[in-house]
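Just the one chain here, laid out as C-alpha cells, in the form predicted alone.
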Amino acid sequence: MFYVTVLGSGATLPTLQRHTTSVAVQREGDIFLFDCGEGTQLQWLKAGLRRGKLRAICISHTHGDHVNGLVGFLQTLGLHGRERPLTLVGPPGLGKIIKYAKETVGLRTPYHLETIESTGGSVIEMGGCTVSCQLLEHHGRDTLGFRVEEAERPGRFDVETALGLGVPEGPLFGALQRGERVELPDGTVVDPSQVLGLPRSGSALAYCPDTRPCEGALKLAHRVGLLIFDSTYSEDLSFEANERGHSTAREAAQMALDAGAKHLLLIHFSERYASRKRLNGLLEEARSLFLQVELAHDLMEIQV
C-alpha cells in the first residue's frame, strides 16, 4: 500500500496556489520523492514528512522546474546530520548537476549519495518494492516516467481449512502464510497451496509528469492503481501541447483508459488554469472519457 502526497502540482512557473510538480510516495516507512523543483523542501515540511525516511529521489528530467530545489534539499539533509545512504535516479546528465554543485556552490553530502543515470528499466529494488522507469516523449531533454510496484503477495490464508488439516494456531500458521511447508506432530506435511488462495498483485502507481501520450507511458501505467499524468493544457490548446511536449486533460484520460488504470490524477497544470472554472474545465474534459479522475492540488494525500 502506498500513501501519496502531492508537494507541487503546477507546471513551469510556481504560483501562490501551486508549487512546481513534485510528489512523495510513502511505503512501510520509506519515502520516495519524485522530482524536486523550487520550494520542495518547504512543502515537505508543511506535509509533515520526515527527512530520515527518505530513501530515494527520482528526477524525471533536468528542466529547472523539476530540479531547482534538488541541491538545496541535498544540502539540508547533510546539515541535519544524515548518515543513511540516499539513492538519486534520473536521466543522463543528472550526475553533472551534482558534480558542478559540489564544485561551485559548496554542496556537501556527508552521507553516501548513489547517483543512477538511466534510460529505462528497473532502477531501485528494496523491501519488496521496485521502482522502474521508461523514456517519455518530452521535447528538449531525455525525460523519464516512473512506476513503483510492490511484489506479488501470497493469497489469503484460509484458517478453517488449516484447522481442518490439523494445523494448530500459532507459529505454523505464520510459516504457511510465508509460503513455507510445515510438518505436523504426526508427521503429516501441509503445503502452503492447501491453505492459501491465489497470489495477489501488489499495489502499483505510475508518475508521468511531462510527456506526450506515448508507448513508454503506456507501459508504466499498465493496470496501475493510480496514474499521475501530465495535464498541462485543455483540448483547445492541443496544438500547443504537442509543440511543447505536453498533454491535454483529455489525452491523459485516454492514456488511463488504454492502460487499464484504476484511478487518474491530473497534474502539472499551466498557470493559465488558476481559476476554479478553468480547472473544472480540465476535469470535465477528462471525465468525458474516464470517470475515476481527480485534479491534483498541493499537499493533497491519496492512498493506493
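Predicted model only: the values in this text are computed from it and were never measured. Numbers for residues come from their place in the sequence shown, where the first is 1.
One more form of this protein should be noted, the form predicted together with a further copy of the same chain, which is absent from this view; the next part is about it.
J.: Select from the listed residues E215, E180, E114, E103 the one whose heavy atoms reach within 4.5 Å of a further copy of the same chain in the predicted complex.
T.: Checking each option against a further copy of the same chain in the predicted complex, the one that comes within 4.5 Å is E103.
J.: Residues in which of 165-173, 72-80, 199-207, 220-228 have heavy atoms within 4.5 Å of a further copy of the same chain in the predicted complex?
T.: Among the candidates, contact is made by 72-80.
J.: Report yes if any heavy atom of I31 sits within 4.5 Å of a heavy atom of a further copy of the same chain in the predicted complex; otherwise report no.
T.: Taking the distances in the predicted complex, the answer for I31 is no, it never comes within 4.5 Å of a further copy of the same chain.
J.: Could you tell me if A56 has a non-hydrogen atom within 4.5 Å of a further copy of the same chain in the predicted complex?
T.: Residue-level check for A56: no, no contact with a further copy of the same chain.
J.: Answer for R156 alone: is it within 4.5 Å of a further copy of the same chain in the predicted complex, judged on heavy atom distances?
T.: R156: no, not in contact with a further copy of the same chain in the predicted complex.
J.: At the 4.5 Å heavy atom threshold, is T12 in contact with a further copy of the same chain in the predicted complex?
T.: Answer yes; at least one heavy atom of T12 falls within 4.5 Å of a further copy of the same chain in the predicted complex.
J.: Would a further copy of the same chain be touched by all three of A274, R278 and H297 in the predicted complex, meaning a heavy atom each within 4.5 Å?
T.: Not a single residue of the candidate spot has a heavy atom within 4.5 Å of a further copy of the same chain in the predicted complex.
J.: Within 129-143, which residues have a heavy atom closer than or equal to 4.5 Å from a further copy of the same chain in the predicted complex?
T.: Residue within 4.5 Å: R141, and no other.
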